[in-house]
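The chain that follows stands alone, in the form predicted alone, written as structure tokens.
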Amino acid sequence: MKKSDISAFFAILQAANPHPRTELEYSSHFELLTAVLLSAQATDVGVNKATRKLFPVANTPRAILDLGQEGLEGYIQTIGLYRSKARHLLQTCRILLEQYGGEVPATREALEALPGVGRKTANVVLNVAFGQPTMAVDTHIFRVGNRTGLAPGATPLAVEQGLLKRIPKEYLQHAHHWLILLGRYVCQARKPRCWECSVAAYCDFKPKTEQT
């Protein structure tokens, strides 16, 4: 994608959705961290289904710890890898209580040191909870970055770095949400829905698909 086309690309996405939000449901920084931790290799729909039952019962580090491993697993067993995620979440809750007074830290280093929290999860929390212009590259953004020519790269980190370098500053705050939604609903893996894509004119993907 030509550098001159990137501003137009994001201006269109912004006009259609000026204030994009994560599709994960949460009402606190801790609930957000929990939901993102649980969302690895799982859908937002599946995570929301589980947390709608979990959060009314336990939505603080202390309350999660009080559930214990088996109790927590009972609420999240519909999510993939739920046993290891329960273990990581309990370990994270203990660290939050012991080191941060039960609050979610606002630095990448502190977040990535938490069990079960990788770079992508940290980027989501930093962006959504703390307003930092980070780029959380999931499978959708990785695909969109490569397919459109916006930021080609062989690894998620390469795509992340390319996006941060190429996206104009005024769009960085919400860029990862726009790209996730584009990849999830339009620029899909098996057959991109080019015929209904608002930014198809700026995309390098050829040949464009047609509705059948």
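Since the structure is predicted, the reported quantities are computational estimates derived from the model, not experimental observations. From 1 onward, residues are counted along the sequence shown.
As for the form predicted together with the DNA, it is not shown, yet the points below apply to it.
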Quick one: from V104, V117, L126, L90, grab the residue that has a heavy atom within 4.5 Å of the DNA in the predicted complex. V117
Looking in the predicted complex, any heavy atom of G80 within 4.5 Å of the DNA? yes
Although the DNA is absent from this view, report whether R166 comes within 4.5 Å of it in the predicted complex, heavy atoms only. no
Does any heavy atom of T148 come within 4.5 Å of a heavy atom of the DNA in the predicted complex? no
Verify the contact flag for K49: yes if a non-hydrogen atom of it lies within 4.5 Å of a non-hydrogen atom of the DNA in the predicted complex, no if not. yes
With the partner absent here, would T121, H140 and R190 each sit within 4.5 Å of the DNA in the predicted complex, counting heavy atoms only? yes
Any residue of 167-182 with a heavy atom within 4.5 Å of the DNA in the predicted complex counts; write them all down in order. H176, H177, I180
